[in-house]
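This document opens with one chain alone, in structure tokens, the form predicted alone.
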């Protein structure tokens, strides 16, 4: 089975990390988000994945030698211009010559969903398209999906007011589609699948949805990116994950944190609830809390709720709270 993975976003909310690394290639538990997404697809029987890109594929090619991730062959469909979600899916599907039922996923969403169950539900209903839904506590911040008992989608309600809907289920970003969906989208035309294509399918009764309570996280915000990393520590001894190819001083203390390869963590430094990405350097006696570090942190610096990109430098002794460096607004 084929899958289209949407990886064309700019990762604006995770800047400055994404100024040097595409969002899907950022690590979660020292494994890239995209590799985790592909592993889930492989379990569902996917053997070929087409990455829908809005920019040059070189970082992805470098990340997956031989255009292979596990048992999944990778291909790259680079849009001539941004085509929105529907246009990107159609461009990638046409590029790869997809002619059978296929899967679409967002490259920055991690879920424990067994995608094969979504495929089975799709085929049982002879649907043209099937969405995975996930429940949320406050639907007023999302686009809510209403369904009949059969699973047929009856209505979309965007950011509903109190009492406007009884549904708490939202689009979770995994779809099973028939090739006929591609034909609904004009070649190389900017089209939103959520706002244009899906409502047209609802009107014709061909769109279905399956809600589950599987874990689900959109890694595109700093707080959810850190949370996704923390979730990988749940069954890890010591509640920390330190790559063997890093140099961590014996006097350093690491609590509920992930340290990637080729990092340096200095004497008497302290990490808590943080992510240290490959190649980062942390000086002695630095204290880092609830932060993501990709650059250099000087000795005795204190950081809380910060994001330090690859080109970011924190001078010795600096005390920072809720700071991004380098400033993404100046990028």
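Everything quoted here is computed from the prediction, not taken from an experiment. Residue numbers count along the first chain shown, from 1.
Note that the form predicted together with ligand GTP isn't included here; everything after this is about it.
Undergrad: Heavy atom within 4.5 Å of ligand GTP in the predicted complex: which of 106, 229, 134, 111 fits that? Just give me the one.
TA: By the 4.5 Å criterion, the partner-contacting residue is 106.
Undergrad: Residue 169 versus ligand GTP, in the predicted complex: is there a non-hydrogen atom within 4.5 Å?
TA: Although ligand GTP is absent here, residue 169 would stay clear of it in the predicted complex, with no heavy atoms inside 4.5 Å.
Undergrad: Is residue 143 close to ligand GTP in the predicted complex, meaning a heavy atom pair under 4.5 Å apart or at it?
TA: Although ligand GTP is absent here, residue 143 would stay clear of it in the predicted complex, with no heavy atoms inside 4.5 Å.
Undergrad: Do residue 38 and ligand GTP come within 4.5 Å of each other in the predicted complex, heavy atoms counted?
TA: Residue 38: no, not in contact with ligand GTP in the predicted complex.
Undergrad: How about residue 321 - does it come within 4.5 Å of ligand GTP in the predicted complex, if we only consider non-hydrogen atoms?
TA: Judged by the heavy-atom cut-off of 4.5 Å, residue 321 is well away from ligand GTP in the predicted complex.
Undergrad: Want to guess which of 61-69, 284-292, 270-278, 47-55 is within 4.5 Å of ligand GTP in the predicted complex, heavy atoms only?
TA: Among the candidates, contact is made by 47-55.
Undergrad: Each of 9, 23 and 88 near ligand GTP in the predicted complex, meaning some heavy atom within 4.5 Å?
TA: Yes, the whole candidate spot contacts ligand GTP.
Undergrad: Heavy atom within 4.5 Å of ligand GTP in the predicted complex: which residues of 64-87 qualify?
TA: In sequence order, 79, 82, 83, 84, 85 come within 4.5 Å of the partner.
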